[in-house]
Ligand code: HEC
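Encoded as structure tokens, the following chain is the form predicted alone, with no partner shown.
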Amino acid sequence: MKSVCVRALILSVLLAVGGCGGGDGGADDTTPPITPSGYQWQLPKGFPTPKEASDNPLTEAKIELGRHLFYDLRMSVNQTMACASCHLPDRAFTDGRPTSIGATGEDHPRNAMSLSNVVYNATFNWANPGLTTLHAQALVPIFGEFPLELGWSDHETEILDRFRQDVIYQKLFAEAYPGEAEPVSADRVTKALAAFESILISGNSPYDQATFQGNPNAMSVSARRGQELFFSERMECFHCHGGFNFSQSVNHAGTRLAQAEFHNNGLYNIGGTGDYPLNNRGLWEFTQRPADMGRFRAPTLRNVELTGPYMHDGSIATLEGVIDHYARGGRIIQEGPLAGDGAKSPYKSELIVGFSLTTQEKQDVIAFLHSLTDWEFICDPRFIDPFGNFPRHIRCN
């Protein structure tokens, strides 16, 4: 009885604050937080102050350089691909593919993660516990060879020379890194990209307007019912997708101990052994511990309406399919080399227990997930492509 009461108390708190735990008091409208380097954050109500990397202080000039680099096709070895190729603003900085494709056509084993609120991540990529800063993460697509993404290995000087010889970039690099004799380097490129990605903060969805901004009518009645289900012990969603960023893997200026969590959600159980596909075994690839097989980081659900297909390998096409997966308590694959019942995986998280929803309740949960879409963020002019390489396919007023 005591444990039931405690769980009920936790749920009541989560519902009262809309699942916005993990903050440090949120943004103050009258005195926006300022980083040690002097950069002034523009934060939504209820959001904690991001943690500034000590070796990469933010400046407006660095952010502007990063914005140019993010959209520049010259960032790839054959000048066909930019960071934005896998992180399109229209799709909340994802690419709409099950898995991404590199500059030379190589398939990536993973789905492109959203960059919404990426500055708050405790770790980066789907299952790499060692990547704890944005600029370290940027090195992976730049220099990665298996698979090849942007293709800088053995071509670093060639690619950097494109920017050294460009008059616009000469000015941008000089302003971002004043007083440096040779500011155009891989290190400076990754830090500028990280600076731009740091400001991709989404916090003005209907959910935020209703929860933090005093506008209860911003969410539909259906979405509010879905919110109660989402934060209920019945569905258990909030355990992995809680807090202000709807992800338990968070870090910010008020965090004493960064949360870096990874979960096996029963997506695979090949041959009944708990195994995952060879190139997609999650945290196990770094630890080699059997218990880490299939454990991945739970991504933010902000703007999730726009970020399909879903899961680390893009193997579930729709939000309806995602709910069906969790309702069953794991996916069953009846035949083929990946056959197995994920609900019976020996490594599945104890939080994946299954549940039952009526047709209306399922629609309500989807309405709630749609209420996490922040169109102001998607259309923010601060994030615009300066080259026109990636035309928008949505109407922004």
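The shown structure was predicted, so the numbers you read here are calculated from the model rather than taken from an experiment. Numbering starts at 1 and follows the sequence shown.
Another form exists, predicted in complex with heme C (HEC); not displayed. Remarks below refer to it.
No residue of the trio Q213, R224 and F390 has any heavy atom within 4.5 Å of heme C (HEC) in the model of the complex. Stretch-level contact analysis of 322-330, 251-259, 203-211, 174-182 against heme C (HEC) in the model of the complex, using heavy atoms and a 4.5 Å limit, identifies 322-330.
In the model of the complex, none of the heavy atoms of A339 sits within 4.5 Å of a heavy atom of heme C (HEC). Of the heavy atoms in P89, none are within 4.5 Å of heme C (HEC) in the model of the complex.
Though the partner is left out of this view, I199 does not reach within 4.5 Å of heme C (HEC) in the model of the complex, counting heavy atoms only.
Taking the partner from the other structure, heme C (HEC) in the model of the complex has a heavy atom within 4.5 Å of a heavy atom of S349. Taking a 4.5 Å heavy atom cutoff to heme C (HEC) in the model of the complex, the contact residue among I142, M293, M219, V77 is I142. Taking a 4.5 Å heavy atom cutoff to heme C (HEC) in the model of the complex, the contacting residues in 83-114 are C83, C86, H87, S100, I101, G102, H108, R110, N111, A112, M113, S114.
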